[in-house]
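This document starts with two versions of one protein chain, written out as C-alpha cells and named structure 1 and structure 2.
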Structure 1
Amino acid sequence: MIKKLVNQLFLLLSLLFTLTTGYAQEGAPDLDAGKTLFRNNCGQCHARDMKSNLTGPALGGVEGRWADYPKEDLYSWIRNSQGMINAGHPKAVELWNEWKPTVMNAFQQLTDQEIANILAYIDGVYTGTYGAKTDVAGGAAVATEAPPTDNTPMLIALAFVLVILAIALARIVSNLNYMVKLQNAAPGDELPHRKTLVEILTSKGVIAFVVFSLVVLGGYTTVNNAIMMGRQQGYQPEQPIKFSHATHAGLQQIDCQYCHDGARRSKHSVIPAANTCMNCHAAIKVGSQYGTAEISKIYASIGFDPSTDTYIENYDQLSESQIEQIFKKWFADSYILEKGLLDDKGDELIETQWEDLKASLTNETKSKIQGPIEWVRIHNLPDHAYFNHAQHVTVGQLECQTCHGPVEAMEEVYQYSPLSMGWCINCHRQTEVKFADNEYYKSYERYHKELANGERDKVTVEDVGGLECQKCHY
C-alpha cells in the first residue's frame, strides 16, 4: 500500500518537475528583452521616454488606457492595428481618428510573451522602475542584437529544490513505513530494520526519479536546441562596406526595388551588383561620413579609377601593388584637395584606408581585390524550405517591411523576423489574400461565389492552400 503511495508521489514529483521546466521559458516578463524589441520595432515612432508624442503617441500608461477591454485587444492592436480599426473596435477607431493618416506597422510575428516583455519595459521606463537605463527620446532606431535569454541558473535552482523535496518526502515515507511495520510486528518478532539515509537515496524510487528527470531535461534541451539551430533572429553581421539603408532607403528615399529588383519577379530578392551602385557613385565619389574610405571599395571591386573617371582596362590582370598605387593616389589627391597639403596625418590616413579596403574585399576564399563585393548573407532558410519573393510581393502584395521590419531606418540590416515555420504559418492563417480584382485568383470560383452571396467575408492564405506541407517543402 505504502509502496504504491511512494511510487505515486514520485510520479507526481516528476510530473511537477517536467511542468516547471517546460514553463521556465515562458516565465515573468523580461524587461531587457522588451527593451531590445522596443528599440528594434517601436522606437522609431514611439518616444523612448514613454512620455512624449513622436510619430506615434507616448506609450506610458497604455495598459491603463486599455483597461476597459480584454487584454487580448491591446495585443491584437499591436499585432494588426489596421485590422482592428477596420473591424470597428471603439478604442482602435478613437486612436485612428486622432492620429490618422499615420499608420502603425503590423507586428504579427510578435508572440504573447514578446508583447508582454515590451509592455513591461514600457511600464518600467514610464514609472521609473527601469530608470537608469533609459535612452533619450527620438533618434533613429539603433539596432542591437537581442541578448540570448538564459534560464539555466533558474533551472538548476529549481532542480535543486525538487531534489531536496524528493529526499525529504522519501525520508518521511520511509519513516512511516517503519512505524507501520513496528505497529504490525507481533511481540517477540525481530525489530524491523530502519532504513538509513543512504539506503533511501539508493532506493529504486529515488534512482528512477533522478533518471527520469535527467531524461526529461535532456530531451527538452536537445529538442529546443535542434529547433533553434540555424535560426538567427536579430543577426546583424558586419558588412564589407558600411552601406546604410537609413541613408539610401530612408534619407534618399530610393525604392527598395530599385536595388532589389528580383523581389517582384523571382524567388530571390537579389543583392544589387556594384553596377547598380555606380549609377550614382560614378558621380558621388566622396561621402560626407567616411570621405573616400567606403565608396572607393565599390571602385576597387569593379575597376573604376576615380581620379580619371574611367573604367580600368584589363583590371582583372592588375597586381595588388598596381591597384594600391591607383587608390593611394586617389586618397592622397582627395586629402590634398581638402587640406591643401599632405602631412603626416594624411600619410597615416592613406595607409589605414588602403589596408581597410584590402581587408574588406578579400577573405579566406577570395585572395584578389578584384571581383564582386562579398556581402554577408543575413536571411537564410534551410534547404528543405521553399520561399518565393514574387509570390509574396507581387501576388500577395505585401510590403517588404511586413517581414523585414523598418529597413529604411537601419544603419546596418539585421534579421527582423524569426523565419520559423510557425511564423510563416501564423501569417498564412491570419492574412487575407487580396482577392478582388487579382488575376491570380480568378480560378477560385467557389470563393468568389461565396464572397458574393455573403457566405464568407474573407479568404485567407490558408484557404488557398497556404498550410499544405508541400507548398513550402520540397
Structure 2
Amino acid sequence: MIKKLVNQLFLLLSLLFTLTTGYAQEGAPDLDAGKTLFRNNCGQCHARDMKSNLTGPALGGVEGRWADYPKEDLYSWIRNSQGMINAGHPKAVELWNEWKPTVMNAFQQLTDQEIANILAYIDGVYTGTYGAKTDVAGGAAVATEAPPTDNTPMLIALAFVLVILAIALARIVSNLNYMVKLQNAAPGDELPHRKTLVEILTSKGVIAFVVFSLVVLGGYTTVNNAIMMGRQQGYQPEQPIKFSHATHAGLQQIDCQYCHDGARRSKHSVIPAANTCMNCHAAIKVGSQYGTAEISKIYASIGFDPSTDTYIENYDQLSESQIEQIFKKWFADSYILEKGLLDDKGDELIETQWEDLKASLTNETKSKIQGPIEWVRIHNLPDHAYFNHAQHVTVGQLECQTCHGPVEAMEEVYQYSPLSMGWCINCHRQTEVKFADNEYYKSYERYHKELANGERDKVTVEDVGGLECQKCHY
C-alpha cells in the first residue's frame, strides 16, 4: 500500500514538473531537430518508417493512441515509463502487458519542446509529409559515379593503328629520301641504296623514338599505379558473419548511426561491438535468411546462451568442447521447434552450423572462439590523408550514402566510391555548405551578409577552405 502511494506521488510530481516546465513555452515543432533527436534516442528501438514493429512498437499514430489522456501523460510516459507503470496508469499498464519484458529507456533529459519536435517528426514520416526520398543528401547532390569503363581494348587498338601509321610514315619518308637522292645523282654516280623495311625499323631514329616511348609509358604506369595504391573501389570481401545491410538498414530501417555511433562524434565511424547487436538479438534469435546460423556467431563471440537467455559465467575460461555442447543444443532445440523431430538432416545441419561458427570466429592468430568478431575492413584511406566523420556527418550534415552509396540495398557491403583525392576535391568544389541555423558557421559573417544581400546564392566547401592542403595533409 505504501509503495503504491509513493509511486502515485512520484507520478503526480512528474506531471507537475511537466506542467511547470511549460507547455505554454513550446514553439512550433522543428521536424529537422526532431529527426536528430529521434535518431539519437528513439531510433535505437523503434523503426524509422514509423509503421513497423521492432524492439519497440511502431510509433506512427502514437498521439492518437494517447488521445483519451492529457497530453502531459504521453510526455511523462516518454520521460519515465516505468514510473507510470508502477503508479498503475491504465495506458502505461496496457503497453507494458503488450511488450513486457522489454523495458523502455527513460528520457528525463528531454524538454517539452524536444518531445514535441520528436512527435512532429514521427507524424511527418508516418503521414508522408516529411522525409520523402530525394536525390540529394544533406543538401548536396549525392556524388554518384557511373561504373568505371574499361578502355584497355580501345587503347590497344589505337596503339596498334599508331604503330602501323608510324611504320607507313617511316617507309614513305625513306622512299622520298631515296627519290631525292636519285634525282640529285650525277650521271655515272653510283645509284643510292634503297633502305629495306628492316633497315628502317632498326635505324637510330626509330630506336630512339621507341626508347623515348618506353620511358614515357613506364613513367606513366609507375605514377598511375602509385596514385591507385590502396584504392579499391568495388572491394567486397567475405565477412565472418553474413550480415545483411539490406535487411537491417533497408527492410528494418535501422539508422546507420545506431550501429556506427562514432560517425557523429569522432574521426572514426567505429565498428559496432557485439553488445550493440545484442540490443536487438537478445530477443531476435532466428534470422529471416539464415535461421540460427549467423546470429549464433554473435552469441558465441560474446558468451550468451540463447537457450537460457543468460550470459555465461566465466565464458572466457570454457573449453571449445563446452562451447560446442551449448550451441549444438541450441541448434538442435531450434530444429526440433521448427520441424518437430530431430532427424538425419537435422544432425547434418547442426554439425555444419557448428563447423561454420568455429571457422568464422577463429583463425591463424585467434585460436579461441570467445572474443571480438574480426570483421574485414573495407574502406581504408592512406595514413597521410586525414578524414573526420564528425566533420562531415555532424557539421556538414551529409548522409552516409553520399560516400558509401545505397548501403540499405547491399546484402554484402562493398566500397562504392573511389575515395580518391580528385573525387574528394570535386566534392568540396561542388557541395554547398548548409549555413542556415548551423552553429559551426556563425563566424563566417561576410558570407552570411552576402547571402542575405543576394550577392551570392551559395557557399561551397571550397569557399570555407576545403581545398587547403593542410586540411587533409597536415
Ligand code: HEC
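Residue numbering: sequential along structure 1, first residue numbered 1. What you see is a predicted model; the values in this text were computed from it and never measured. For clarity, a rigid core is taken as the largest C-alpha set superposing within 1.5 Å between two forms.
One of the two isolated chains is the form predicted on its own, namely structure 2. The two forms, fitted on the rigid core, differ between structures 1 and 2 by less than 2 Å at the CA of residue 250. Once you line up the core between structures 1 and 2, the Cα of residue 97 ends up 2 Å or more from where it was. The Cα position of residue 119 differs by 2 Å or more between structures 1 and 2 after fitting on the rigid core.
Taking the core as the fixed frame between structures 1 and 2, we note the C-alpha of residue 173 moving 3.9 angstrom.
Look at residue 85: with the core superposed, its C-alpha moves 51.2 Å between structures 1 and 2.
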